[in-house]
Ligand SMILES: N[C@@H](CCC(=O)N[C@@H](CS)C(=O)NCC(=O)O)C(=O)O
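In structure tokens, one chain follows: the form predicted on its own.
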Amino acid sequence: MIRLHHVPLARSFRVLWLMEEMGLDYEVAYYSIRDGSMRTPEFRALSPAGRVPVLEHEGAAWFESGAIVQLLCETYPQAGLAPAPGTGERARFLEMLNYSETVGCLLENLNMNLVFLRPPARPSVPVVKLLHARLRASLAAIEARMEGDYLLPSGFSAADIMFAYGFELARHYVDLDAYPRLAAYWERLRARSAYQRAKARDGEQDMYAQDFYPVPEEE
């Protein structure tokens, strides 16, 4: 039995997409970040931080998207979505798994400041500007390194799933036209049938109320 504990458009989408690429049979338990459903003792027993994703996999419960992605790749090596240890691309693969969380943390902080902070509280404009600049710089660094169709020279891998999820969310904060290589890369990924199947199972997101969140002006 495989069950993914999932919030639409959250990091758990990485696991959803990966399992579609692998052709696994699984079920999805849906949650919302707004209704307290992830604060129950039952869920906290699966996820110490009370966050998705959690993957129940044949009697084990795994949490943290990067760890789950790596564990799935090691459990199902026949899928060919991760370089084997000791091979030439392994270092690049692991770098991108972890770099994806650099981008993810910047997005999470922008989300907290611009999406989830409720009136009368107001975001700190200097903090938001700094996060925004760091996000642009993080994307620009990969834009400069994109030489082929995917992050690894050998082709599509789970590293693309980890990184591209952040690029999808970044559109709420930055102009993606500034990154033409990444924009073309994202279009290639969205054309994949496994991505489209994953989006069909993702569910209705309730995080973003608008398509774009500009940097607030100083008062």
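Residues carry their position along the shown sequence, with the first being 1. Being a predicted model, the structure only gives us computed values, none of them experimental.
Although it is not shown, the form predicted in complex with the named molecule is what the next lines describe.
query = Are all three residues E95, E143 and A159 in contact with the named molecule in the predicted bound form, where contact means a non-hydrogen atom within 4.5 Å?
reply = Spot residues vs the named molecule: no contact at all.
query = Out of 185-193, 151-159, 47-55, 22-30, where are the residues with a heavy atom within 4.5 Å of the named molecule in the predicted bound form?
reply = That would be stretch 47-55.
query = A198 near the named molecule in the predicted bound form, any heavy atom under 4.5 Å?
reply = Flag for A198 set to no.
inquiry  = in the predicted bound form, does E108 come within 4.5 Å of the named molecule, counting heavy atoms only?
reply    = Within the cut-off, so yes.
message = Can you tell me whether E101 touches the named molecule? I mean in the predicted bound form, with a 4.5 angstroms heavy atom cut-off.
response = It does: once the named molecule is placed as it appears in the predicted bound form, E101 has a heavy atom within 4.5 Å of it.
ask   = Is there a heavy atom of M38 no more than 4.5 Å from a heavy atom of the named molecule in the predicted bound form?
value = Output for M38 is yes: heavy atoms within 4.5 Å of the named molecule.
inquiry  = Need the contact residues for 1-29: heavy atom within 4.5 Å of the named molecule in the predicted bound form, sequence order, or none if there are none.
reply    = Stretch hits, in order: A10, R11, R14.
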